[in-house]
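You are given structure tokens for the same protein chain in two forms, set apart as structure 1 and structure 2.
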Structure 1
């Protein structure tokens, strides 16, 4: 049974290459025929791990290809997720499973509403990767991926064991929303700062007090939302992620460097309205949001 990967960026490319290397049948779905031609001209997908770069000639296709889809990894940007799933919705089998690898929160509900018959599995990952060039991904830090069902009542899919045997560090959770909020908090503490300081993740060690202040407010927000377990040890985990992905350029920094829209609306833009509704003061987060928006405006990029 083939895997289809829609979104050949950093995480999508990383997962696709590892699946292919492990002998799993996998196909890339690219945005359009122009991207498909570019991919084929390059001979495949390149993955750099340490000092080794390998070329994997994964088969690829356009969204309108005729074959059906049983297992889909949706790895596009949060703001593209709803349109992306709509482009292949007619190809989904009735019992299709979709693994959602989007940053932040908000896009997952939009995707699920588009394909109500599919089983949408949400993922929260600390894997580090960045796109060196088109169809060339660099693995920049080992991490763990938590996967869960929105309802939290169904059993994990059998392929979870298969991927674990291939070397994927996967864990099933019955409370994926808490994991996603934890990851959102981690991203809010790291990604905007890498843009403002124009640095890789590891260089944030030089801004430890700024990171600590953000973690304090984010933990308070999680507690106010009734997610106290997700707030515990937040600063320590943020520091651990910074260390584990020290060589990584955050996804938000990569977007800014390429002159592309960021996912700020699904990170700070998702968290701040909740803090306002709860009447929870978060001055450091609000200031961070304002500084980030100003930086995006300077670069001529969307602020949402």
Structure 2
């Protein structure tokens, strides 16, 4: 049974190359025929791991290709997810499974609403990869990927073991939304501040009280949402992530430095309306969002 990977960027490239290398039938879905021609001209997908770069001649196709899709890995950014799934919706088999790799929250519901018959599995990953050039991905640090159903009611898919054997570190969870919310909270406490202070993650240790104030409001929000376990020890984990990734530029800072749209709408922009609905005051988070939007505007980037 074939895999399709939609979005041949950093994570999509990493997943597709590993599947191909492991002997799994896998096809890339590129945005259009121009991208397809560019990809074919390069001879395939390059993956660098450590000192080794390999070229994998994965088959690729346009969204309107004729074959049907049974298992899809959706690997685009959150803000592209709904349009991307719409471009292949007509090709999905009735019992299709879609693995959603998007960070933050909000895009997963939008995708699921577009394809109500498909089984949409949500992932929260700490795997790292970046694009060296088009169709050349560099694996930037092993992480693990939690996968689950929205309602946590179904059994894990049997291919989880197959993928684990190919080198993916995958864990099944019955409460993926709690995992996604925890990661969202960590990203809200770190990423915007790295943009505002134009600093690497580790330099946030010089802004410890600002980080602590954000963590306290984020923990209160998780608790108010009935996600108390996801709130527990949040500040300590944020501090540990800051230390463990001290030398990294956050994904949001990298987006801003490259002049690309950020995923803020799926992080702070997703959390704040919920706090408002719950009538929970979160002044530090509101101020952070305002300051971030102003900075994005200054840089000529979308504020959502």
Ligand code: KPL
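Each form is matched to the other, and the largest set of C-alpha atoms that superpose within 1.5 Å is called the rigid core. Remember, predicted model here, so these are calculated numbers, not experimental data. Positions refer to the first chain, counted from 1.
Q: Which number, 1 or 2, marks the form predicted in complex with the ligand?
A: Note: form predicted in complex with the ligand is structure 2; the other is not.
Q: Just one of 42, 179, 80, 200 is at a hinge of the rigid motion between the two structures, so which is it?
A: Residue at the hinge, from the list: 179.
Q: From C-alpha superpositions of the two rigid parts, what is the smaller part's rotation angle between the two structures, in degrees?
A: Angle reported for the domain motion between the two structures: 17 degrees.
Q: Superposing on the core, what C-alpha displacement does residue 186 show between the two structures, in angstrom?
A: Comparing the two forms, residue 186 shifts 2.8 Å at C-alpha.
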